[in-house]
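One chain is shown next in structure tokens, namely the form predicted on its own.
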Amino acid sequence: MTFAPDRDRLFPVDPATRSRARDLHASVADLPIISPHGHVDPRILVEDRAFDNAADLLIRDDHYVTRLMHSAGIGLERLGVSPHDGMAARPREVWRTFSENWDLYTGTASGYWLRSILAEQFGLSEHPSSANADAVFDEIGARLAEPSFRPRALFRTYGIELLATTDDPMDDLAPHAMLAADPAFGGRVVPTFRPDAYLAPTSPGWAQRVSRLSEWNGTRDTDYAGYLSALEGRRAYFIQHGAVSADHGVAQPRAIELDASDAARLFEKAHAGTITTDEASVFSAHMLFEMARMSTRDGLVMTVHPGVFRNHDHETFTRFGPDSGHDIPVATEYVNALRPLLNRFGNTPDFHLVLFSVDETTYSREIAPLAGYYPAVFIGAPWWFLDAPDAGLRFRAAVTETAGFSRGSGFIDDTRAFMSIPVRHDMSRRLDAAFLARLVGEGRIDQPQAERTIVDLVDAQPRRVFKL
């Protein structure tokens, strides 16, 4: 059984189109990686310490991996996730559990990425199994101890030109400042302003966060005007540290423009703890509108990642806390929800709004038509549950006929798993090569157009959209 991935993976089956896709992919395979949205901790590049072990690196914090084993009845504590009421399994035990259940990942995007990492980066020659679990764990551990597997060395090996992180508005961004000032580090790592918990009054700890904003801003008495001023100030601080975008993980992409007096009244009720659920929803939608207004002034690209029911499993949330792998997609609506925002800012020069979705039905019905009309709107790449081979091809088919290639964001890896970055970007390049090769074979575009387009998708397009 061959474990190494096929060199023609993800390319069309028929020989002529496959050959064309292979050539298109070869033209971009070695281009630099531009990653304008992700969740890698920048401290790993500051400290440049060896990764501890295979389980902590590849399993414990990867929700794609843990959620599938949880669905098979395997408790998260057995996967190294620490519960509030007990101890998590040790790394070697975690790896054994993973290896025993390797076949769960057959045909999944997670299986595709893991196989590529294990075979191409660690040189493994056989599928993980209960028989080889300990030997593979030790083999990976030995490789991780080598200087070539330190984070900075991998950053260079992967050819990463830009890596964006995701950061709380009150983060001091010290790791970013240290990397920018370090002459030994040649890469570019930039923060991303993520204000969700400061904009939604229903977010736990909202009032305390707003008080921190006010304290930083030198405002003794918290009020709406000071709140806006503090948010603008923190955005400026992020820009000073290299930020190019502000990211919004809202439940729904709803924007409402309120009069300043009405917004101030709702803010005061929120701060006093007397705001109703409906009023809080209106205030949050108004703040999404305000974030767009701020982006038109300070130039930060506005990205919106909506449509996820967070922390769906109450029991898991209680035992393990948030972000423990049980977020679920929900239906999302953009056309009416964003109309107030787009009527005000959709034609504003240099305002960039990137709309993502985990609801595939919105691509051809809403997002592509919006991007095909409004100069400000760009189509976010398939994200989260959709960043998979078949979903990626469906995405291209859904949006291209309406909006073309130029209205896309470029690929977004959106990952915490550092070693999966090159695998994910290569997957996207292969899918684009396959899609373009089919269009050439069908006579819909010619070969020179395909060659120009794939380079643009990988390189020029993300630079344009994220103002790099």
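Note that the structure is predicted; figures quoted are calculated from it, not measured. Residue numbers here begin at 1 and follow the sequence given.
The form predicted in complex with another copy of the chain exists for this protein as well; it is not shown, and the discussion that follows is about that form.
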Practice task
Classify residue 287 as contacting or not contacting another copy of the chain in the model of the complex by the rule of any non-hydrogen atom within 4.5 angstroms, answering yes or no.
Solution key: no
Exercise for the section: Mark residue 374 yes when one of its heavy atoms lies within 4.5 Å of a heavy atom of another copy of the chain in the model of the complex, and no otherwise. Expected result: yes
Handout entry: residue 407, heavy atom within 4.5 angstroms of another copy of the chain in the model of the complex
Key = yes
Practice task
Mark residue 237 yes when one of its heavy atoms lies within 4.5 Å of a heavy atom of another copy of the chain in the model of the complex, and no otherwise.
Solution key: no
Problem - One stretch from 260-268, 223-231, 140-148, 378-386 that, in the model of the complex, holds residues within 4.5 Å of another copy of the chain by heavy atom - result: 378-386
Handout entry: Of 133, 250, 163, 109, the one that lies within 4.5 Å of another copy of the chain in the model of the complex (heavy atoms)
Key = 109
Completion exercise
Answer key: of 330, 197, 207, 119, within 4.5 Å of another copy of the chain in the model of the complex (heavy atoms) is 330
Fill in the blank from the handout: When another copy of the chain is considered in the model of the complex, the residues of 285-311 having a heavy atom within 4.5 Å of it are 309, 311
